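Shown below, as structure tokens, is a lone chain in the form predicted alone; questions about how it binds or moves come after it.
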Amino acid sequence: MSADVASSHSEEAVYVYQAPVRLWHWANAGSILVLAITGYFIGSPPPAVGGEASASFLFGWIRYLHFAAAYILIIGFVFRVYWAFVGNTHARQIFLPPVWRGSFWKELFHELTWYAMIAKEPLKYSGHNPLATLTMHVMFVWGIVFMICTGLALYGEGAGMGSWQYDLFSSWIIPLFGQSQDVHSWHHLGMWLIVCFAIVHIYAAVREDIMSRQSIMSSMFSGWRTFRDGRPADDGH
């Protein structure tokens, strides 16, 4: 390969996602997948299985997997909040979007035009771009908090009065929504919102990997964000 060709394909790399963040990301993705599938069947149960009831525990296993995945998600989220304080600047980005900066909103508008195929060139960020940061903060962080609280409130109903789930969540969340069925409905709606978020999240990551010439997908495996044909923007993140 000639020197001219080699120099025309420069590549810069920045270490963005630390190992605990990457581990949490994939454990969280797996938990959400299991929760969405089992949650769908809990809301829309499959037909009854023929034969003696003692020979089948299908719905019991669906509920068990749902609860197990839920506790993995809860423990992972608590750890993720902790790592936001002890990790690097990228670890706390989705928890503290800099909405007080005028430049944040200006760059967010640019990202909107980029995704709308209006802007010609993308801005490059070592971490999340402003649109992704704000979307993940609202839809994911607070969405997960909502699902954890309503889920534990519903779990506390079954665990009964005196359980920590009932005392900390059921005792006030169910009256706040009106009744148990209302909490079920909102929890089910929250599932579909997170499913829609996941679809958009995957689409945006693949799109950016291709169109903005920066590694989005592979960075969540390696931790390194690479920028092909140019240096990353100095975004302060």
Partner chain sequence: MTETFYEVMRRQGITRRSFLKFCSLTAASLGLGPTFAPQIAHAMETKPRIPVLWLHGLECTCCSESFIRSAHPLAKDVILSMISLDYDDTIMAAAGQQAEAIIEETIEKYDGNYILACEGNPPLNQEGMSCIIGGRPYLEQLKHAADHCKAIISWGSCASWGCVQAARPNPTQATPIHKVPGLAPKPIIKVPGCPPIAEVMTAVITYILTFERFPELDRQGRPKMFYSQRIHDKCYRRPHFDAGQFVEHFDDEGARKGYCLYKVGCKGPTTYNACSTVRWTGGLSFPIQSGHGCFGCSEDGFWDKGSFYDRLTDIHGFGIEADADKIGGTAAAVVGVAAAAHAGVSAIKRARQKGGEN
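Positions refer to the first chain, counted from 1. From a predicted model like this one, the values you see are computed outputs, not experimental measurements.
Just so it is clear, the following notes concern the form predicted together with the partner chain, a form of the same protein that is not shown.
Looking at 107-115, 142-150, 94-102, 76-84, which lies within 4.5 angstroms of the partner chain in the model of the complex, counting heavy atoms?
Among the listed stretches, the partner-contacting one is 107-115.
Would you please decide whether H184 lies within 4.5 angstroms of the partner chain in the model of the complex, comparing each non-hydrogen atom pair?
It does: once the partner chain is placed as it appears in the model of the complex, H184 has a heavy atom within 4.5 Å of it.
Would I210 count as a contact of the partner chain in the model of the complex, using a 4.5 angstroms cut-off between non-hydrogen atoms?
Output for I210 is yes: heavy atoms within 4.5 Å of the partner chain.
Residue contact check: C196 to the partner chain in the model of the complex, 4.5 Å heavy atom:
It does: once the partner chain is placed as it appears in the model of the complex, C196 has a heavy atom within 4.5 Å of it.
In the model of the complex, does A119 come within 4.5 Å of the partner chain, counting heavy atoms only?
Yes.
Of V34, A205, A27, I42, which one comes within 4.5 Å of the partner chain in the model of the complex, counting heavy atoms only?
Among V34, A205, A27, I42, a heavy atom within 4.5 Å of the partner chain in the model of the complex occurs only for I42.
What residues of 144-161, in sequence order, lie within 4.5 Å of the partner chain in the model of the complex by heavy atom?
Stretch hits, in order: E157, G158, M161.
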